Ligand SMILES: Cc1cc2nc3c(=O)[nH]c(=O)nc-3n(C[C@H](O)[C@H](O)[C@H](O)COP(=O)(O)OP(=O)(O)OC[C@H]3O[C@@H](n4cnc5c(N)ncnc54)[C@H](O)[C@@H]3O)c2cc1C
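Just the one chain here, laid out as structure tokens, in the form predicted alone.
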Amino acid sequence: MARMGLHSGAARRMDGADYRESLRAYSPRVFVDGHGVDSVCDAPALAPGINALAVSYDFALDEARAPLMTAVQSSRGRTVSRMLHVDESAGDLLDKLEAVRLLCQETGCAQRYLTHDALNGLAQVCARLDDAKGGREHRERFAAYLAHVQDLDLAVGIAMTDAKGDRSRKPHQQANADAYVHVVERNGKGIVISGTKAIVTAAPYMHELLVMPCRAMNEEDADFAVCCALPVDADGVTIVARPAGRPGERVEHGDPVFSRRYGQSTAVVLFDRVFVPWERVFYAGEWQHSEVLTYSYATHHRHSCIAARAGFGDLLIGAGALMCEANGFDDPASNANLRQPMVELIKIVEGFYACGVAASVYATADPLAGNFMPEPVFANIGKLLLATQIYDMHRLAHEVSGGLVVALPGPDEDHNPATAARLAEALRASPQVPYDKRIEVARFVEDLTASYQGGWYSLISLHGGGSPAAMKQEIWRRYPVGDKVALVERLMDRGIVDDPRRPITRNRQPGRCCEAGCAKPGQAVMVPMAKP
């Protein structure tokens, strides 16, 4: 097929097979486990990740799932992938939440939702850049790029987290400037960038990369305040990636019944004097706006992470219930030792998901870009809960599953004539559940929670989208503590709440135009407000 990059009259809608084939039009420089990859779409080490992304394409064309997996971008009158949609209402955010949960129920981690989060953050920062400069250049550049990725149904990798180097030093203070991506040259045609991005989700099997700063910059860091987009195989780009999932593993590490099918690759991406034309540069040097993009993207992304881990939690709940049945307890409700941990697992999953719903319901429209932003306190609380409770989710799944999960024989023993029959007889528990079905679900639980892949899910849940410390900082910054102080002061009739010398009373929730915000207290903003 022809290389993607030119617009046609109508939006392209790919299915999973089309997506796989589209990767053949690109030739990124990729290394996995020290070996070069000649063809990404044919590499066994990357197949589980490609499978996971293909699901997002297939679901968007499925009649039953399409209402969640697609959206109408009203500015263009186009039906587009939900993963590429710029949200126009709080209802859009709810649909995105459900769509990501649905995808992650199937794949463990859908990966492509990062594109949605970055596009929404980018819309907001481009509007602010134009507002500051008094033009429309950045909005128009973003609109052209949005049309490009929507019409071609692209998968866009988000290159945000820099290598960072010495964490105690700012970008311009690093001994090695390439610890952060930065502009090394500007000319009439575009910019040249160098540096390193780490933890780039699904980088090898993306069509493009969107480079964004990972922190607020100051004037001395202006060269590091750069946001641009480029093809994944642009000259000077090298991708050093880990395998996606556990393809090809069997005897040595158990039977990865889930992660040999679906997985996620993450990569370090090296930029060595990579040219980016101006039409793909959203800003370069406007350091004052780096914090806007970082904050906006992080809020959208943490909202999406809530749905992603809820989908993963659904897998643990279902596997835990099946394991109870296979162990001879058909109904956990009749056994408090099983009912209590199952309820605890459900409480955790639906508890942080409820924060995502609340962040959607109380979303507000960006005053300049117009797209809807999840309520940041609820979004950060939900992400903090899932990040710190992922280990409890694993523990509870282990508790209801029993020790067989890690003590069962290797998969090849199932076909050993010397032991198979005896094992099938001895390790069967419920008369209604055959031995092979009991072992199958036990290996599923092992794969998700007690394997190399299970540990990876824990770590990416803890630090993906920002560390717990970052969420705690945002919760404190955005929560209206001053309002609560005013409440108590009023009830105590102390009369000193408005004293400007008391800094805690000025800790109102940032971004609000007034004490109540843009909606009446308790009012859910589900659709854009009608124009007068």
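Worth saying up front: this structure is predicted, and the values here are computed from it rather than measured. Note that residue numbering follows the sequence shown and begins at 1.
The following text describes the form predicted in complex with the ligand, which does not appear among the structures shown.
With a 4.5 Å cutoff on heavy atoms, Ala469 counts as touching the ligand in the model of the complex. Under a 4.5 angstroms non-hydrogen atom cutoff, the ligand in the model of the complex lacks Ala421 among its neighbouring residues.
Contact annotation for Gly49: none of its heavy atoms lies within 4.5 Å of the ligand in the model of the complex. Heavy atoms of Leu97 never reach within 4.5 Å of the ligand in the model of the complex, leaving it off the interface. Just one of His35, Arg490, Arg477, His463 comes within 4.5 Å of the ligand in the model of the complex, counting any heavy atom, and that one is His463.
This chain appears without its partner; in the model of the complex, the one residue of Ile193, Ala225, Ala359, Met160 with a heavy atom within 4.5 Å of the ligand is Met160. For the marked spot (Arg167, Ile199 and Trp456), a heavy atom within 4.5 Å of the ligand in the model of the complex is present in each of the three residues. Exactly one of the stretches 199-207, 127-135, 140-148, 71-79 approaches the ligand in the model of the complex with heavy atoms within 4.5 Å, and it is 199-207. Counting a residue when any of its non-hydrogen atoms is within 4.5 Å of the ligand in the model of the complex, the one hit in 104-143 is Leu114.
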